[in-house]
Ligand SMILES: Cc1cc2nc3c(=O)[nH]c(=O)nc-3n(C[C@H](O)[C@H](O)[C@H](O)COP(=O)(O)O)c2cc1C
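Presented as structure tokens, the chain that follows is alone, the form predicted alone.
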Amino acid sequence: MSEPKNIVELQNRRLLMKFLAGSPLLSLGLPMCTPVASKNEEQNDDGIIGSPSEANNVFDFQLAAQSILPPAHYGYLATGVLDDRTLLENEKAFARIKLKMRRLIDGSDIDTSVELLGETWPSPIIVCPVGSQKAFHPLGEIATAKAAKAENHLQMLSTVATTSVEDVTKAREAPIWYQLYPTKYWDDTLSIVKRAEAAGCPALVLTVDMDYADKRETLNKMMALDERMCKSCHGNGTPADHARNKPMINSLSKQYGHHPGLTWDFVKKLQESTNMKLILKGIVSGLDAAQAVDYGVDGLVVSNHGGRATESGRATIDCLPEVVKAVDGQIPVILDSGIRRGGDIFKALAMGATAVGIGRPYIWGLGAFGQEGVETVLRILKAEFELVMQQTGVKSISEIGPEHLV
């Protein structure tokens, strides 16, 4: 058997070998789509952590989650599009950026706080929207919200969440930002927007990179490994079937589907329909960033959907400089996709990002250990980031700049 070419192929092969050897998922005869709890002693035999306290880094949670999640559910999390080149590039690009370390500077008292849309947060790490979180843990977005509360992080909620905006806001005990996938029917889109507004969301995060998305081939391959009966949850497998039980969608008047061909006219229409701040998520070019400023957008997320939307082959950290230049400090710029280490956070801020978002790492924690896993992932990343600040001799985020990079 040839060597795997990348981490996704390695993950796929590991799952395949588990199934060929007799997966515990099959032996349990599990119906439907419920994630399976694993045994700690079995995890330890495989070199997989048995508790969050054993983790050295966020990748330990990836292995733990992979070992217990159904193949289709892990595939949904692991997939990129086409050959997964953009997904892999998101992480590899950070490794090409080097840090300049400083010496003989007292780093005992550092400030990691950041201001976003008039509110100050103790950390630049944002919990990004990830859909269908109950596919990874029975408490889903509630566990994530409680972890975000415990560690005091800003949270964004997905339109295709498995928990309502009202319940997540209650669990978070603070306002959250709402991520919007608009439907092709304006009345239904507006009803979602008004519901988020009524729940107290101060910001609406419009995703603009999913109207013409590519094929998720890794997901398709891993779904083929999954022999559970999934139709009871997902119907016949169409996007409409997947969305039918989602609490932010099931009350809509028409069949749900992503809005095809969004334009700047839609952005303007949305601005005129809500008092929430409007953030555009999925901006990766200076031209679009400049136009967003012209339209009075309140912020941008430099994102390629974690490599899950289009196969550009271009990492978000490589897109960041031209977006920052176009914005010229007029609105905040958040970066997501590929953040795995505290050094990645530092590099993004040094290149002009106001804050960063994480997705897969905290879901690895959720899938492996629920709320405690999410909390530990957040603590690990924050501790690593603080360490890099100390090593580079900066005491606050405002001091982080391109002079710290090679």
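Position 1 is the first residue in the sequence shown; the rest follow in order. Everything numeric in this text was worked out from a predicted model, so none of it was measured.
Same protein, other form: the form predicted together with this ligand, not shown, and the subject of what follows.
Which of 354-362, 49-57, 64-72, 369-377 sits within 4.5 Å of this ligand in the model of the complex, heavy atom basis: Partner-contacting stretch among the options: 354-362.
Selected contact from 155, 218, 189, 158, since only one has a non-hydrogen atom within 4.5 angstroms of this ligand in the model of the complex: Filtering the options by heavy-atom distance leaves 158.
Answer option from 179, 163, 123, 183, heavy atom within 4.5 Å of this ligand in the model of the complex: Answer to the contact question: 179.
Proximity of residue 140 to this ligand in the model of the complex, heavy atoms at 4.5 Å: It does not: once this ligand is placed as it appears in the model of the complex, residue 140 has no heavy atom within 4.5 Å of it.
Distance check, residue 286 to this ligand in the model of the complex, heavy atom within 4.5 Å: No, no contact at 4.5 Å.
Any non-hydrogen atom of residue 147 within 4.5 angstroms of this ligand in the model of the complex: Taking the distances in the model of the complex, the answer for residue 147 is no, it never comes within 4.5 Å of this ligand.
Partner contact for residue 336 in the model of the complex: this ligand, 4.5 angstroms, heavy atom: Contact with this ligand, yes.
Residues of stretch 305-344 in contact with this ligand in the model of the complex (4.5 Å, non-hydrogen atom): Heavy-atom contacts to this ligand in the model of the complex: 305, 306, 308, 336, 337, 338, 340.
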